[in-house]
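Only one chain is given next, in structure tokens, and it is the form predicted alone.
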Amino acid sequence: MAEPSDTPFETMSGIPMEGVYRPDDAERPSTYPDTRGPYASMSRSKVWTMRMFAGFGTAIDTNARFKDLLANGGDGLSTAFDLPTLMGRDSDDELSLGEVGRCGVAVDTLADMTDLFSGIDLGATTTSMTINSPAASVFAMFIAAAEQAGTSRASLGGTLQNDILKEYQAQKEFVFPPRPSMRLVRDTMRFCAAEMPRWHAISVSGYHIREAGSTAAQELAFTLANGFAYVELGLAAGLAIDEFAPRLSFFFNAHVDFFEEIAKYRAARRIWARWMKDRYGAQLERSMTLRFHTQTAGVSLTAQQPEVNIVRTAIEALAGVLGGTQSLHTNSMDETLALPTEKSARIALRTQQVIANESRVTNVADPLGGSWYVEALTDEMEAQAEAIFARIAEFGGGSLLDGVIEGIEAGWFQGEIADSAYELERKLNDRRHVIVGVNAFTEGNDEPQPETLYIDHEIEVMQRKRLAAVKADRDDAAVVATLERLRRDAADPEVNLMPPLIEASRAHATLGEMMATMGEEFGLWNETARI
């Protein structure tokens, strides 16, 4: 039957469209376990947040890109940091040479964070920051910059990725060992629960797991297992499940296998709701509701015939929308060649806007619900994920938290992903999987490549000069005092490190100084290679 609606929606030809279609006894959207979506009307009443990922060069460069995206209809900011920042290093570190500002924006001190969001009302827009090992330190700078600009921490809305577990499993941008790293995640969870009601302390990320070569089912299972590990971390820290669970969010990949991706998202909601209620005792509906951001698959883009990437991205974005995403980033066609140009980033945003405004797929919630194929795929995704959860629980003696950490330390996750990546490569090499322009339909591969964004070495020179100037102007005694407090507090596992990190940020301690100070207590992590 069709669900009634007070608002008239119709096809282009004028056929009325109801908000959701289902048999009388079938699940509705926003009804436990949320297979069909977390909200009753889904995109019919509010389309997803068009949160475009951006960051390059200096903070001033990225600030201009942020403002361009907002002016062109983007309604949320997503910050990409350069590799030194992601690794907790300053721009003047010898290991940063040649990488400053290349794959994202360089942020060394509070001065950079202030420039990054200059002229942007942080109380009126939501901000996502893709940062993990140094997440607590960068978050501290963000809070200090916002408060310096007159926005209270309680008014700030957004998401800190802060998912350190997937770093060990897939992305490899770790600094400290797993257990002290989880302490930092715990501290941000406690801090946000107490002082930042609009902020999501963790975005549990499957995106990078998929980019590293996992299957869709592995992405689903590893991501949710990590989410359950963070739940157990919060419970062990003394937080009530309904106190912090509503502020956990997720970040999934949208790959090019259209129906498989939709089934993955539907299964994710169902699994999360059931586990949160049955295993962890959540009472609030918001604690059982899985909310997620989606990014189209960077690994699916090709350097050959890059314009074809626009098509791939549109298909992947549509899968995310039909799967019920709350937020979406669409990759630009030239991202296999360089950071996106302003034009290609605008085309990527326009792709979302065409889906939202022209396709009419937003008029009906879960329009593929009830499809025998999609329902069967959803059930299969759930079954495969449950089998993986059982294996992880074995590692941890029943605990998902202990099981995930044991699996990381044993190299199990890394090995599973590597095996899947190898199998996919075999399929590509013998053309069981076709990639247009790579192993088939290669006519046109010799055409000139489009112009790309070039990050001049002068950016690195400028950033180093900027950092030197900040160091010359700051109060060195205050820096030493705040870093000493941070070192002392890091030695006590019961102390929350967010307050001393904010204090150090205000004194213009650098990211590298804060990370090195904590490293004196935590040590550094070297992964054991899997043979």
Partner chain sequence: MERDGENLTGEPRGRVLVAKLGLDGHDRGVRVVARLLRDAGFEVIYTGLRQTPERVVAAAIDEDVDVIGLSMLSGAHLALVPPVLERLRSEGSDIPVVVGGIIPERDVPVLGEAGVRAVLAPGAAVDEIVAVMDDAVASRARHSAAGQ
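Fair warning: this is a prediction, and the values are worked out from it, not measured in the lab. Residue numbers count along the first chain shown, from 1.
This protein has a second form, the form predicted together with its partner chain, left out of what is shown; the following refers to that one.
Taking Phe389, Phe174, Phe191, Phe117 one by one, only a single residue has any non-hydrogen atom within 4.5 Å of its partner chain in the predicted complex, and it is Phe174. A heavy atom within 4.5 Å of its partner chain in the predicted complex is found for one listed residue only; from Ala303, Val361, Leu284, Val308, this is Ala303. Contact check for Arg89, Arg210 and Val438: all three have a heavy atom within 4.5 Å of its partner chain in the predicted complex.
In the predicted complex, no heavy atom of Gln326 sits within 4.5 Å of its partner chain.
Using a 4.5 Å cutoff between non-hydrogen atoms, Glu99 counts as a contact of its partner chain in the predicted complex. Although the partner is absent here, Thr289 is not a contact residue: none of its heavy atoms lies within 4.5 angstroms of its partner chain in the predicted complex. Proximity of Ala376 to its partner chain in the predicted complex falls outside the 4.5 Å heavy atom cutoff. Considering its partner chain in the predicted complex, the lone stretch of 240-248, 70-78, 367-375, 210-218 in range is 210-218 [heavy atom distance within 4.5 Å].
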